[in-house]
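Below, in structure tokens: the form predicted alone, a single chain.
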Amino acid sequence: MAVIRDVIPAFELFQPASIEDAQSLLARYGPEGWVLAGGLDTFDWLADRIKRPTAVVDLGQIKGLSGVRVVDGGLEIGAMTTLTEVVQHPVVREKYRLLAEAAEAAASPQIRNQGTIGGNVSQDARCWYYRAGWPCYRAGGNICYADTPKGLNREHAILDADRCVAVNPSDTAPALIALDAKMVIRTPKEERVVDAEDYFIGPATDITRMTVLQPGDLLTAIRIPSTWAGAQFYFEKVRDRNVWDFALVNVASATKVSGSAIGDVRLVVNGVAAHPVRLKAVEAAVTGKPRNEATAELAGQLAVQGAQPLQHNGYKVPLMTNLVKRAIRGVAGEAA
């Protein structure tokens, strides 16, 4: 576990008023610069003195990076919008309840008042070896301490591990992927938009990052199209404690029904890999089938194909199986 110390390392604090100014600062300081959103992930790193940036760039004063706006029938959510704002927004609750439930499941009310949706989807891995400063693969070393005979790996990956077995800790990430959200990224040269599904990356792509953000890039907004507005939603998070805890496994689904059959569905799990996992094989298998126990059973079995549990996290296989079954089964006839 991390060794907690009393004094945060000294750094210069900047509070730019524009995205351009923020990126200019990040370009000036390079790897010695650090982006601050809500600060929950940041202050963990700083308090443990594992990260020692020369400069911290606080995005809190940049207008336009917060708030929920109705755009083209869908929503645009500023990256600096707090999780509480997301949970309480009437349009989110009415048409995209899946995201409201996922955001509300993140930590405690006090943390949601401070934490931002951009920070929630962009936070770093929570593996205790990595967070404590051990020289693991993700930190530039040549070993994964969690994946050893004596490693503590109860909360780690059962899918898509490649050297590192840390998992993505976000609750809102699977909901955003299920809603087919788009992530708006401002690079030093341009604005680019990527699917939420492609925003997150695994260690096979880059073991030092969990998202596509490169140094100097800023996530500025999240756009949710109207495609899944009012669909039937399911979100569930299993954790050790009811509040202020990360998911052991969570699941998010958006389903459109045609009569008694599943017409279309997007199904995503998290807490099982370094990135949220969209279960496309399951989606294809259940589309057109009745929303009943037999279909749920099929979905649960397909979902965990290829799972490779570690010494202490084998429980995640049946847990993920049952969460997927519940998401597919849902509650017959329930409106969003």
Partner chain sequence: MATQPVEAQKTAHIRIDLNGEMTDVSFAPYKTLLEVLREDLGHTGTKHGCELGECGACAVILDGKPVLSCLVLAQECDGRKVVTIEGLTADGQLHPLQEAFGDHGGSQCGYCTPGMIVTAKALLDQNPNPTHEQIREALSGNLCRCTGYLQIFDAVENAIVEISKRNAAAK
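Residue numbers count along the first chain shown, from 1. This is a predicted model, so every value here is computed, not measured.
The form predicted together with its partner chain exists for this protein as well; it is not shown, and the discussion that follows is about that form.
Residue contact check for Ser108: one or more of its heavy atoms lie within 4.5 Å of its partner chain in the predicted complex.
The shortest heavy atom separation between Ala27 and its partner chain in the predicted complex exceeds 4.5 Å. Looking at Ile50, you'd find every heavy atom of it more than 4.5 angstroms from its partner chain in the predicted complex. With a 4.5 Å cutoff on heavy atoms, Ser18 does not count as touching its partner chain in the predicted complex; it lies far away. In summary, the region of this chain contacting its partner chain in the predicted complex, judged by heavy atoms within 4.5 Å and restricted to 288-296, 302-310, 31-39, 264-272, corresponds to 31-39. In the predicted complex, the residues of 110-143 lying within 4.5 Å of its partner chain by at least one heavy atom are, in order, Gln110, Ile111, Arg112, Asn113, Gln114.
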